[in-house]
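First, one chain by itself: the form predicted on its own, in structure tokens.
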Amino acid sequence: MLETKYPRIGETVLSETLANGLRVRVIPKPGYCRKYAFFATRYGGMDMRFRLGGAWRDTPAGIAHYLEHKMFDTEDGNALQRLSRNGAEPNAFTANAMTAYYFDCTEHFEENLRILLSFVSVPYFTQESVDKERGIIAQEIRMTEDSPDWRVYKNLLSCLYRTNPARVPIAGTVESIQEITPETLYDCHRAFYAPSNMVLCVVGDVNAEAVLAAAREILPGEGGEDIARDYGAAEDPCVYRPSVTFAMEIASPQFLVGFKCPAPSEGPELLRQSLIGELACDVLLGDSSPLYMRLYDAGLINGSFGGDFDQLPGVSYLYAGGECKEPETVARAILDEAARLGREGVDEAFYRQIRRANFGASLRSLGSFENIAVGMADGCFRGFDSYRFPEVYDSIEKEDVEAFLQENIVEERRAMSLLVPAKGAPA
């Protein structure tokens, strides 16, 4: 395996790409009892339209999440139960552009790894089990739709984007999942669960050669098709619609204001764009920013207020919000502060403070095996090295952050999602 050392963060990565295209990454942690395996595919909620066998296929919203639920079923029983009985703590998740299966354990690691590789690579569905899962997932969807945080966020994306599937809920809708069949699930597994579309990341004090041997023995020898995906027509810079208001049983109004940023690049530049966006978000409205303190002191925001920057295939956006009785006043203050910072510049000392804090947070994230694995897999899928963040921070200047604010935090890129108390909701 290729050994790459990262002296600035004290990490080492062993990497190899197998003949079937599977990328394997082992991050040694000598002396640690805990061992963690993460098996991910570049397939998520956004991947509803793709080409397989020369033909374009449209699949129901929520199918990637549905498939994740069903993958634990095996002809012999349930892989989740097998791993748990074997001392492992297994789980899985579906995101917009990734689905992952993982476990951690302190013993029986190689046996648990073989179970993981086996059930993820060999699907087993019956009409009865697929129908039974429909009710379970429908209940999960209804519970999620009752969450104000989820509702205000999904409504914001539906304002920002006209066609990109980021605006579609990852789990789909109660109506969309009625269309899912065992045949559709098998097709999606064949398309996206091929080794060449996947990454195996292992963190801990493990035998790297044994990891490779298990992958070679259990997984298919062929990599699978190169699957083309369709995320809809390219989005223009302006938002799809400026605002949406939705009534829910909540005690006080809640809002998110979002700003539609240019589609992200793939490759090494993606990490740089991500860090610039995160720095800009914290400089503008982080809890140590002048704007945050002014809004808090004026009683316009409370401790629920916060913001973030996110990048998905074809889209990127900065957003902020929380409980607020005057959301338009807060949104206007964000626009005015971004314009001022772009015009007058960010205070040098404050910028250095934010940069040190963000760099420190990136370092601290390396204490989480899950964070390491997710970052490593995302980098493999999208063409960047997540462990190169120190060098990327070195390349970012204050002027990059100022330019980001000046170009993106503007009225024509703004959308507002507002939740208001429904009649009869507690005051």
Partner chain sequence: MDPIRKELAPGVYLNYVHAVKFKTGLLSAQLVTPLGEETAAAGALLPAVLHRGTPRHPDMRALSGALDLLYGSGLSFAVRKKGENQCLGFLAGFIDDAYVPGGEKLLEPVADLLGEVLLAPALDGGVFRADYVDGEKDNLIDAIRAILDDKRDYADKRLLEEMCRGERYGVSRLGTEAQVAALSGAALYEYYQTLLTTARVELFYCGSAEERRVEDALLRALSALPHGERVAPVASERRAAPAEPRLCTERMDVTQGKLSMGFRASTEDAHAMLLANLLFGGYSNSKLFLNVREKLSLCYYASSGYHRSKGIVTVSSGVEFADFERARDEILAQLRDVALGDFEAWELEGARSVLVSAVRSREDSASRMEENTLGQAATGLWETAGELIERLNAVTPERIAAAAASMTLDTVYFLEGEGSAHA
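Note that the structure is predicted; figures quoted are calculated from it, not measured. Numbering follows the first chain given and starts at 1.
There is also a form predicted in complex with the partner chain; it is not shown, and the following applies to it.
Stretch 146-154 is the contacting one of 146-154, 189-197, 307-315, 231-239, since its residues have non-hydrogen atoms within 4.5 Å of the partner chain in the predicted bound form.
Exactly one listed residue, out of Arg216, Arg332, Arg356, Arg343, brings a non-hydrogen atom to within 4.5 Å of the partner chain in the predicted bound form: Arg356.
Checked against the partner chain in the predicted bound form, the residues Ala263, Ile170, Val130, Cys105 give one hit for a heavy atom within 4.5 Å, which is Cys105. Using a 4.5 Å heavy atom cutoff, Glu11, Cys33 and Ser289 all lie near the partner chain in the predicted bound form. Residue contact with the partner chain in the predicted bound form: Asp297 places a heavy atom within 4.5 Å of it. Put simply, His69 is close to the partner chain in the predicted bound form: some heavy atom of it is within 4.5 Å. In the predicted bound form, the partner chain sits within 4.5 Å of a heavy atom belonging to Asn86.
In the predicted bound form, Arg162 stays away from the partner chain, with no heavy atom inside 4.5 Å. Interface residues of 323-352, taken as those with a heavy atom within 4.5 Å of the partner chain in the predicted bound form (partner not displayed): Glu323, Lys325, Phe350, in sequence order.
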